[in-house]
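Just the one chain here, laid out as structure tokens, in the form predicted on its own.
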């Protein structure tokens, strides 16, 4: 193995095909999109060089900053929900259900593999107000309350979107964090128990610090996925009511393909890329400082 890894020709042969595919599929489209940011138009009417006009327009576009605000709010709420509930599920698997957790893990993971459109239709029916009263409003009515138009206001629609995405993804994060917790040596846990650590004390002082690396990975996975949310929104609300639930991805899609403004759409995509990078770097550096202090 050392001989192979020391041979530059062997490295080129092993990595070359994968790098070519990655370059063709990922890097070339990114650079192509970056080039569009200084043009306006589309493939039908042609392109016109406009310099930095798209960036000037971006800075003064209120819809962009509304979309940024919604994207960040959605990412924060859903990431906290996914990782926190996923971590609780992983603790349940390891310390309560133990070896009998296999069937529960399978059932909880099942929504992860369901199509987004199918899950969105399910939640539309659950929170429906007309023509038929959905399950949620039926429960509210049974306690004497009035039906709520869950998709009639931005705040209510945001709540439904967050609940749906947290519900369908906690199985993944539960399994991911479970894999990290089960790697904690049993000798370490047993020593802590002998020293009197039980329950929350055991989790806080032993399990949580030792599972921080996988917890960090889960946070980065979640924040990057939620910042780029698209299919959930378009299947459940299509950005409505109005533009109240439009993230940057949907606004970019509509600008590029509905209005044919490839240049401005690429500028929005560049903004989204920068936001993802900044958030990821911030989380990574913050966690590194915490780990260093610990």
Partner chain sequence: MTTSTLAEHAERTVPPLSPSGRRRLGSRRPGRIRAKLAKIPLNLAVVFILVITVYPLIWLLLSSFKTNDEFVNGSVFALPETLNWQNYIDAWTTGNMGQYLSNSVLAVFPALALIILLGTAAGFALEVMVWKGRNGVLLAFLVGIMVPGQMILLPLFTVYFQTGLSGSLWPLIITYTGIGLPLTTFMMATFFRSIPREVFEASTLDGASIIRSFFTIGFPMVRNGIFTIALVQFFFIWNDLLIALTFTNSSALRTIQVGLLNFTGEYGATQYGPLFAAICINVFGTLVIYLALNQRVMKGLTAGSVKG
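Residue numbers count along the first chain shown, from 1. Note that this is a predicted model, so its numbers are computed, not measured.
Beyond what is shown, the protein has a form predicted together with the partner chain; the following relates to that form.
For the chain shown alone, residue 190 is a contact residue for the partner chain in the model of the complex, at least one non-hydrogen atom being within 4.5 angstroms. Although the partner is absent from this view, residue 29 contacts the partner chain in the model of the complex, with a non-hydrogen atom inside 4.5 angstroms. Interface membership of residue 22, defined by any non-hydrogen atom within 4.5 Å of the partner chain in the model of the complex, is confirmed. In the model of the complex, the partner chain sits beyond 4.5 Å of every heavy atom of residue 151. Screening 75 to 83, 151 to 159, 204 to 212, 110 to 118 for residues having heavy atoms within 4.5 Å of the partner chain in the model of the complex returns a single hit, 110 to 118. Annotated contacts: 50, 216 and 223 are all free of the partner chain in the model of the complex [non-hydrogen atom within 4.5 angstroms].
Contact annotation for 59 to 97: residues with any non-hydrogen atom within 4.5 angstroms of the partner chain in the model of the complex are 89, 92, 95, 96, 97, listed in sequence order.
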